[in-house]
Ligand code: NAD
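Starting off, we have a lone chain in the form predicted on its own, written out as structure tokens.
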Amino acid sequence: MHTSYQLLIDGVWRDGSDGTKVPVINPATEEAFAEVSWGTTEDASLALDAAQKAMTSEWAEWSPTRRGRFLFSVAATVRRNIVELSALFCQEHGKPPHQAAGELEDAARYLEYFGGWADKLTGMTIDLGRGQLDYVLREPLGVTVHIAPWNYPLDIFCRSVAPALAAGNTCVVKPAEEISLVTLALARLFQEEGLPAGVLNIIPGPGAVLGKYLTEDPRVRGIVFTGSVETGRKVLEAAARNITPVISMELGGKAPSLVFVNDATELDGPAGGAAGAIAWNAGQSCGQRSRWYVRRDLYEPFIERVVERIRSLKVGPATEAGVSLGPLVSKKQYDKVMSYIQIGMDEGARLVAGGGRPEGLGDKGYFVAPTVFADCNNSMRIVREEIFGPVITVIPADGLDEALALANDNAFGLSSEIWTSDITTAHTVASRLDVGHVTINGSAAFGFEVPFGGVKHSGLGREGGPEAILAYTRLKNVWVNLK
């Protein structure tokens, strides 16, 4: 192991209070290349103290304009360091370089977008009649806790920390157990750009211990969580004890994609979308379009086109040129995805691509071949449950009504898409899908300027767009007797 990473508490880099350090594993080689200090509840308490103190110290004197300009300066620093950060990202996460660099650009864009909002948060005056003055102030919530996932650690870090800071809050961030180095490296850039001590605190460590402590503490005035439904329920229960606002909660998805193009000559778009859903982040995305409902006359041609596209995907370590998808993030995730592939075969789905480790990569690294199951139905676990890997299912539908019913027949409701050249069909489907995010003929618009979030078991709240920064504020009404 070459490098040791520490916690950031009250502007100081330090080891955890009990000295625990854990190895960081490269998922492509299964070898440790660094170590990171893990925090304890004692460290979490120190971080909350620091964040609470910072709310009334130098940070409180920063104007909204200064906060916004600071976020812009961090964005510029991220871009200047993109090569070094991408290299660390690839080593820790396994993302191919173009995907790592893309996420860093997304992180910079979130910083810029919400930096631009910092000086545009306004209150109002209310006319209650002569002799009275009534006005409304928009204030920061206070100390916010951010429990981040491992699949998009920098994207999701910046899409919640940026609006929190822009609105004047302070932050305590607990990265995912699997991925913390890139978050710590990014936090160092905030510090180097002059962020006052205590405003941003980073505590890697065991989620079950630190997450519980942080979400139950009465000093916390806002919680952001991205993770599993099971853990999300625990976060809500913990928040309820102190009536702590849950700003946003993203708990996963099982996104449906409906293919209703005119004929087989128009299948290049959706087939490319299906292959992209497998390749991007190795399918480890909450918004992955993993359920494909295809009009029956297009069903077999679509499967053939998808398999053809998949053959061009290169699986391998991020260090190899031309890699489309790298390893899964951890042994735990690898075992989970492989178990679902076995479940799919046991359930009777037809395996048309993948189904195991790719050839030629040996037995090291958490690699899974791009996998496609056909002849599925909505009762199968591989259709109903979130796999979070390079696996999709394809299901025939006899008409639009059936496809919509099947698409909505799921506990999740995060995102979805429709492929069609008929504008009426497109907007009809968009209005009837029971989700928080719909795309038509593609899968863009997942952040920055637009709200993103789910319904049902996919969670609550929205990230991105003006709604996101408003959620990090509270309203105070002031009445004055002028008589």
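The first residue of the shown sequence is 1; numbering continues from there. Quick caveat, the model's predicted, so the values are computed rather than measured.
Although it is not shown, the form predicted together with the ligand is what the next lines describe.
Picking from 220-228, 403-411, 372-380, 80-88 the stretch near the ligand in the predicted complex, with a 4.5 Å limit on heavy atoms, gives 220-228. Although the ligand is omitted here, in the predicted complex none of 27, 92 and 278 has a heavy atom within 4.5 Å of it.
Within 4.5 Å of any heavy atom of the ligand in the predicted complex lies no heavy atom of residue 59. The shortest heavy atom separation between residue 253 and the ligand in the predicted complex is within 4.5 Å. In the predicted complex, the ligand sits within 4.5 Å of a heavy atom of residue 208. Using a 4.5 angstroms threshold between heavy atoms, residue 149 counts as touching the ligand in the predicted complex. None of 397, 391, 156, 318 but one reaches within 4.5 angstroms of the ligand in the predicted complex through a heavy atom, and that residue is 156. Among the residues 385, 177, 266, 105, the one placing a heavy atom within 4.5 Å of the ligand in the predicted complex is 177.
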